[in-house]
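Take a look at the structure tokens below, where one protein chain is shown in two forms, each on its own, as structure 1 and structure 2.
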Structure 1
């Protein structure tokens, strides 16, 4: 029965695609794609809702897979392919999409196991190798059966008595089924971030966050007022393994802060996440340091507004090497874009995320780090959808302001920089006036430009 349907479909598809996709089989053509692009999440214990390891598991999902890959919903990857090349790009190529679709349209032939790749071996061990140090959350978090859990924070002293350079960082969730993502920070002694929060117990940031006392043009530039980002963990993402000579700095006496986003999965359960560090064994030539371009405190999105826009722009006061981007907004987040106008007047979009999705906190690692010279205008633009058309929107009827709960909004364009290890002046920007942003690289139309609120750092 399947064979004849397959022959029939093969004739049709052969006509549409040329001869080759018509003999696509699961074992030879499809399984390697699933291993490479899908199984990190679609296997038992991971966040993918169903395992995609065997023919028997995959076959019933054929229709859903066809839709998901044609709409580019799976694998999740949100960078516009027209701008930039990214080392961790996990999107399927057009050829891969064709192969999957042809296989499904041909009636999902299994093929022969002798052509199948070896099953992947998923190790439960550390992917970075044996860590020099493991820090575990001192308590387990009780994840409820259902509902939305606000981000949970827990602070753990590092115990470091000297500055430490870390070359690799791996967050390992205690319970992969419910840890949607985690952000790991270090906070040096005297850091203002959640300074009044208790150590060793879970809390919500909104209660302890204080706007920094530093002068406006010094905020967000220094690791003193901002915690240092160590890793953004998301399922399917790789651990941080910096190149030779690169490292992140954790200063003596720092605290490690876990920011946990839990998604209940229908069963009451617990999680105790840990992080492993490998210290740099070679002299450090480049420090990797995360900054952000943002403007969130003046956010005020009217009810039902489908396209609220903001931008933030700064002049670089020294040369920087950009390594990666992490766009961050909340439930109404719609798009984010990073771009640069060089001192020569040339401009370039560095990353465009046209359809931001809060449920996927992603880092985009440039395939080639990008040098932005002193004097470059560095721009981050974002838009939000507070209309009922946004399926993530809990309350279209409410005005939304900047804040830390998922129901508040945020405008944070995180950027990983490569800087000189001994650099004492961690101030990389000065405010630029909104007029400095040329039309040429704007993605705003004339009429929505009028709505764009613009300013420097908040």
Structure 2
């Protein structure tokens, strides 16, 4: 990962940014901004490469911070501000940027501790607070020095004797240096997903589960209800923290399934990941259920292709409320966009991520959930850069196909839906043919549209 690359990207970034008031101090003006926008990641045990809790910790990084905020590299936030409003928007306002730059340009004065806010209190590293329940992998996985590690799965019985409604979920890797990502599922009793797999030991899914219902033309969405998604952990991703009255359902007797993607880093090591749950304390009015796009297996990106595109489109078969999005691609990922064409003919971009960053895979929670009525055309578009101009691209000379490893590619757009707690029918979509997509949404030529729909096969 290149988490700290921004720290050394530039020693100077242009001229001074606007006015530089001389009375800006760390304690009164800067520390509140760091508490609000930075310290969740920049504290011991978290993803930030250095803590930013005190003046003594922040002062040595002043020039790097100046460069990062002027280039809008920190805090990381990749949503196009022209489309949608998001509750977890990390971006700094222009006023906040001016405050930080003014403080640095005027010599980083500390100020008086009496003007400082109270330090934030973090619960034993848990971003969601003290969990009601922690489930840890019963075994540590031995990650080799080098090589490719196939996805590893391990099943842990939940022990739940009654249905549980979960309001917050946080996956915490035991070793962040080798955990590329982790997906947490629950499998209800009688579920077919890896039903014959052993519990309490690692296994590879292909030995115990075969996907047989996947359509030949994988342009469509797949409503994942078996098993149930609980959280996707990836670098930069937030834990699940739902609002009052919202929760995810784990049925009585369910098993918890850890899907682990390990990336060796040159040192033999181990990992023992765990997950924390906070249960809903109020009556649940809305169940949060995750679906994802499943058409990455037909990806076939030509060598040196700078702008390869694909898209999926479906019709909604019932009303849904969209709560959040999490785009997921790999090293060549360039952009992703979710949009809707309503039965009235009106269209709207719900989220546009014009500069997808593999190293910061975050979720985007709508400030106000969006109701998509039955009959809406729901569209997801993605693009990839397989050219030498992509600094993350390990092999621009090779054709890249869909697969699980980082050097393969993916088209996985996770979408959180809000549904009635007792809803039994979790089939929300039917396939939409390519001709259903209006030109105002497609924004491509006829030739490029034909290429994207077919998967770009040559």
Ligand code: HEC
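Residue numbers count along the first chain shown, from 1. Superpose the two forms; the largest set of C-alphas matching within 1.5 Å is the rigid core. Just so it is clear, the model here is predicted, and its values are computed rather than measured.
- One chain, two forms displayed separately, with the form predicted alone being the second of them, structure 2.
- Core-superposed comparison between structures 1 and 2: the C-alpha position of residue 83 differs by less than 2 Å.
- Superposed on the core, the two forms differ at residue 204: its CA moves 2 Å or more between structures 1 and 2.
- With the core held fixed between structures 1 and 2, residue 367 has its Cα displaced by under 2 Å.
- With both forms fitted on their core, the C-alpha atom of residue 426 sits 2.9 Å from where it sits in the other form; this compares the forms between structures 1 and 2.
- On a core-based overlay, residue 147 has a Cα shift of 8.9 Å between structures 1 and 2.
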